[in-house]
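Shown below, as structure tokens, is a lone chain in the form predicted on its own; questions about how it binds or moves come after it.
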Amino acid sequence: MSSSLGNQVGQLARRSILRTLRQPAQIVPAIVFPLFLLAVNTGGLKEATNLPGFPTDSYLTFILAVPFIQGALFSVMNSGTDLARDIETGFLNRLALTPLRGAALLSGLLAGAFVLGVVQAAAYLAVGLIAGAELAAGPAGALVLVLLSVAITVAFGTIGLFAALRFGSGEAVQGLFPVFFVFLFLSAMTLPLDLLTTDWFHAIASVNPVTYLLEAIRSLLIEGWNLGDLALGFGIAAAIGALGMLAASSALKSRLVRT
């Protein structure tokens, strides 16, 4: 393998993308499951728009932000499971015999999450608009929405990489998926934060980063352009990604042993 960082990233990114595209079991659930929950939530909770202070008369528009976060959570499992498979098969140990740089390995492995994030975001947005959801920010907002969704997806993917390097088992990585789903349910998923009247739930949702990721996406769908919400959403995604990469890099030092 070439010692050039760019070449290393390119080769590993190509492998990650091809492996993702060749596994429908990674792509189909990550698209279908969030859309299924979108339909269920829209049908069951549409009367919530009658609450005083609800920000839109279309519950579909409000809840459309949720699939973007649900889909991003799949990248924890997908990215982590792929790396765990490399660890279990000994592929990572063989890479240790090459001039591979840790930064290239981690960056290349996230390419699959990036591509899947683009496909997911495009699918959710297209289905939502066809079903009647609004996009107040217009065509430019659609681009920003896709970029934000991909940023969140890649950020969560770094957590999957850390889990794989820490535990070295695909089963352990998959076991984290329900744990992260709890963060989604303990957020302003189904109602705006100011309409959550249960004190303990409101307190948890107020400090839950997922709430502000949802609000950043909703700002494009409902308000148009709220630069404060968007900056906070991109900032949280960047912080999660940076912390995930830092943790993964630390865990990699004990895994990638050169022999």
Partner chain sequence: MSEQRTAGVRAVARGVAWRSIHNFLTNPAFLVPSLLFPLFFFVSFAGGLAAIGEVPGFDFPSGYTAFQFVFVLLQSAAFGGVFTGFAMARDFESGFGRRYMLAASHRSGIVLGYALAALFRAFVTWTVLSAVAVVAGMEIAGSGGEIVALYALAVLVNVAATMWAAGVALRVRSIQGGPLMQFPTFLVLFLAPVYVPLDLLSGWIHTIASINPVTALLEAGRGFISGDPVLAAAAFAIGLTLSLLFAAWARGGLRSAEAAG
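Residue numbers count along the first chain shown, from 1. Since this is a predicted model, take the numbers as computed values, not measurements.
The same protein also has a form predicted together with its partner chain, omitted here; what follows describes it.
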property	result
The unique member of 230, 60, 31, 191 whose heavy atoms fall within 4.5 Å of its partner chain in the model of the complex	191
In the model of the complex, the residue from 41, 56, 226, 208 that sits within 4.5 Å of its partner chain by heavy atoms	41
Partner-proximal stretch of 158-166, 144-152, 175-183, 117-125 relative to its partner chain in the model of the complex, 4.5 angstroms, heavy atom	175-183
4.5 Å heavy atom contact, residue 27 to its partner chain in the model of the complex	no
Interface membership of residue 51, its partner chain in the model of the complex, 4.5 Å heavy atom rule	yes
is_contact(residue 37, its partner chain) in the model of the complex, heavy atom dist at most 4.5 Å	yes
Interface membership of residue 203, its partner chain in the model of the complex, 4.5 Å heavy atom rule	no
